[in-house]
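Quick setup: one chain, the form predicted on its own, written in structure tokens, and binding and motion questions come after.
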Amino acid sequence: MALTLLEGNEAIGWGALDAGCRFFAGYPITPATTVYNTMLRLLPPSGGICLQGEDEIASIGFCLGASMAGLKTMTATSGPGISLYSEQISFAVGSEIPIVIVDVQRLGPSTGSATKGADGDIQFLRWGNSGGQPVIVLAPVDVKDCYILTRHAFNLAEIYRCPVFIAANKEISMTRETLDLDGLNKPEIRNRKTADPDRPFLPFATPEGRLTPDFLPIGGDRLVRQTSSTHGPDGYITTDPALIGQTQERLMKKLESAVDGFTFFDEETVPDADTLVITYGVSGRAARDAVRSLSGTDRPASLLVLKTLWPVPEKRIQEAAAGYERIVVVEMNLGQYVREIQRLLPGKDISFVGRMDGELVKPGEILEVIHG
């Protein structure tokens, strides 16, 4: 494919296809519907399956079933659909079912404004499962990110056997940009590790030195047990506090201890700057313009654009902020991720720039706070 004009949702579709996704199910919802449209165009000619469920609950259920059968799967929705996905997200977390979930965020709460963007689901994506176990959330800034981070999302879902979210935004997903897919530095495709055929299979047992179990598909020639209830390594329901505690600790540790290996970010460091702007998503564009406009002035600023939001990349944030007196956090909401920055950087002078009225944060608004 040569230079191509793609919107963010189309780039997500291409990223999924190239990562090996062969099953998609979803329900139409603005502004995520063109992810479904793209998969409907791409998957059948590639031997894949694209379904429209009768609703969001059925759609993610189809995906989890297909994933348990061994396929790489993806679904896409917006905030109201994520609300309906919640029970199945918990199932995927607790039963370690790989799935990529695209949340093309729009202005909420509830039905909100279907054609207005926001980043209002950031905390919900992290905490929207019963039990509170961690998930992985990646946030694209532009169409290129939509493609690259989708490939990363599939790799991470396969490696850690967990749901991985793409926290997109209407303003990114429905903006068209020129992209050279052939010229991109693409991450190598990874697949879930299958169990040794010569050893007894325990569906939730972890090999020595690893925190993620090996995989066998349901429907194959070996017995695979799966349950949404609290279970031990053998897949049987258990009330044993020791087994329960071990599993809960492992589900948390397998992601939080590994986040340094999948911390994606952009950084622009300016010598002698005393201010660091931290942001993510579409607001990264305005922040970049604001920071670059300060080049050569007496009040320069540096920039950190986070693309891994959850688990929180604590080491990267603390290292990036170490030399700065002041931190400015920019979000397209009323303040969600800024709480993590405040937790990680006690004693720093932290300012916030945000809005949640359907309008983008503008470079001038960021500059006002930097100069303030």
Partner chain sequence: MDSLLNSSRPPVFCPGCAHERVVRALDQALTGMGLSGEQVVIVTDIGCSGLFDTFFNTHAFHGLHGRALTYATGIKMARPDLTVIVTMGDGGLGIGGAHVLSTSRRNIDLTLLVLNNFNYGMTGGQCSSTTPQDARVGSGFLNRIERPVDICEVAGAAGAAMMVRASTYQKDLVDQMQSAIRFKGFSVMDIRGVCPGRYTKHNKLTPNAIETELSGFPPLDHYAARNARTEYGTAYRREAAKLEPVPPPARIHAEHQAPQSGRREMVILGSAGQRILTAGEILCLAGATAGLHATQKNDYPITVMRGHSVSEMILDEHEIGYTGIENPSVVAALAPEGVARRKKMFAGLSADTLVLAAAGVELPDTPARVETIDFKALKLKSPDRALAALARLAENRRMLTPEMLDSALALRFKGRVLEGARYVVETGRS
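Just so it is clear, the structure is predicted and the values come from calculations on it, not from any experiment. Numbering follows the first chain given and starts at 1.
We do not show the form predicted in complex with the partner chain, though everything after this point is about it.
- Glu87 is the sole member of Asp260, Asp196, Glu87, Glu267 with a non-hydrogen atom lying within 4.5 angstroms of the partner chain in the predicted complex.
- The single contact residue among Met252, Leu202, Leu243, Leu71, judged by any heavy atom lying within 4.5 Å of the partner chain in the predicted complex, is Leu71.
- At a distance threshold of 4.5 angstroms between non-hydrogen atoms, Lys362 is in contact with the partner chain in the predicted complex.
- Among heavy atoms of Glu171, some come within 4.5 Å of the partner chain in the predicted complex.
- The partner chain is not shown here, but in the predicted complex it comes within 4.5 Å of a heavy atom of Thr175.
- A residue is said to contact a partner when one of its heavy atoms sits within 4.5 Å of a partner heavy atom; Phe62 meets this definition for the partner chain in the predicted complex.
- Here the marked residues Leu138, Arg299 and Arg343 all miss the partner chain in the predicted complex; none has a heavy atom within 4.5 angstroms.
- Here the chain stands by itself, but in the predicted complex one stretch of 152 to 160, 207 to 215, 252 to 260, 222 to 230, 222 to 230, has heavy atoms within 4.5 Å of the partner chain.
- Shown without its partner, the chain has Arg41, Leu42, Pro44, Pro45, Gly48, Ile49, Cys50, Leu51, Gln52, Gly53, Glu54, Asp55, Ile57, Ala58, Gly61, Phe62 in segment 25 to 62 as residues with a non-hydrogen atom within 4.5 angstroms of the partner chain in the predicted complex.
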